[in-house]
Structure formats: structure tokens, C-alpha cells
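Only one chain is shown below, in C-alpha cells, and it's the form predicted alone.
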Amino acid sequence: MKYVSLVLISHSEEIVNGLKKLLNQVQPDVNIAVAGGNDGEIGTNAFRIKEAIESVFSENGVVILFDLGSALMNAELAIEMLEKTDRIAIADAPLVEGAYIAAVEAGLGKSLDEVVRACEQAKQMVKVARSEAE
């Protein structure tokens, strides 16, 4: 694998599958794995997250993006189950915007640290400018 890979985690399988479809259209060369839902229900599963990480792992690294707090706990648990963990980073970024930025940056050949820093900047994005009067 030539680029940093992404793992998208959500409590909803549909959310991460749709996001992966979007990102594959934007940057088809970046490997993206998903771990969403838990046996057809809302939730996350550490074993599925581990499998997702393993499916796209390379020496270029893996950036993990997630939706809600318990997904973070399961991502951390999944990483603890892996033998190689030094090229895996959990990004503190909003899932959709962060993943979009991460896919673009990874596709440009950026390093693991550069991809993480870039997607974490999504937290600073202002999507709607409000006037002082509002």
C-alpha cells in the first residue's frame, strides 16, 4: 500500500459505508476500511475494528476516525489486541469532515503525522458564518 490508510468507525453501518463510498470517489487510491454497527444493531465492536485495521495496515500507517465516545473505547481496545501498533493513530476529528480531509491528504502522499494533523484541523472549520446580530 502506497498511502496512509483510513479506518472509519461508527455506531451505524450505513453511515460508514456511505462515507467510504464518498471518499472512494474523491480519492480512489487510498485504502479505506469500515467498522460500523454491531450485528445489525447500533453500536461498535472491538473485534470488527481490529479486523478493519488489519485489512488496511501498512508501514505507511493507519488513521482511525470515529463518531462517538464508545467507538473510541473500542478502537483503543482493538489497538491493544494488535501486535504492531506504532503506525496507528486515532484522530481527534469530526468523522465526516475529518475523513474527507484525511483521504485527500493521504492521497497526496502525506505522512501519517501530516494526515492526522490535517484532519484534526477540521474541528476548527466554520461551516456557517453568523453575524453578531444573530
Partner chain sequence: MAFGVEQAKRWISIANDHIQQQKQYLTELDQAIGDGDHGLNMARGFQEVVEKIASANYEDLGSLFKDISMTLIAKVGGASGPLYGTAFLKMSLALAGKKEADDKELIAALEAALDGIKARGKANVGEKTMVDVWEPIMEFLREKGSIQAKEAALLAKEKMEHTKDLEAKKGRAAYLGKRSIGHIDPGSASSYLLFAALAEALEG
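Residue numbers count along the first chain shown, from 1. From a predicted model like this one, the values you see are computed outputs, not experimental measurements.
One more form of this protein should be noted, the form predicted in complex with the partner chain, which is absent from this view; the next part is about it.
Look at 34-42, 105-113, 92-100, 52-60: in the predicted bound form, residues with non-hydrogen atoms within 4.5 angstroms of the partner chain sit in 34-42. For the chain shown alone, L82 is not a contact residue for the partner chain in the predicted bound form, no non-hydrogen atom being within 4.5 angstroms.
Heavy atoms of R117 never reach within 4.5 Å of the partner chain in the predicted bound form, leaving it off the interface.
Using a 4.5 angstroms threshold between heavy atoms, E76 counts as touching the partner chain in the predicted bound form.
Using a 4.5 angstroms limit between non-hydrogen atoms, V26 is distant from the partner chain in the predicted bound form.
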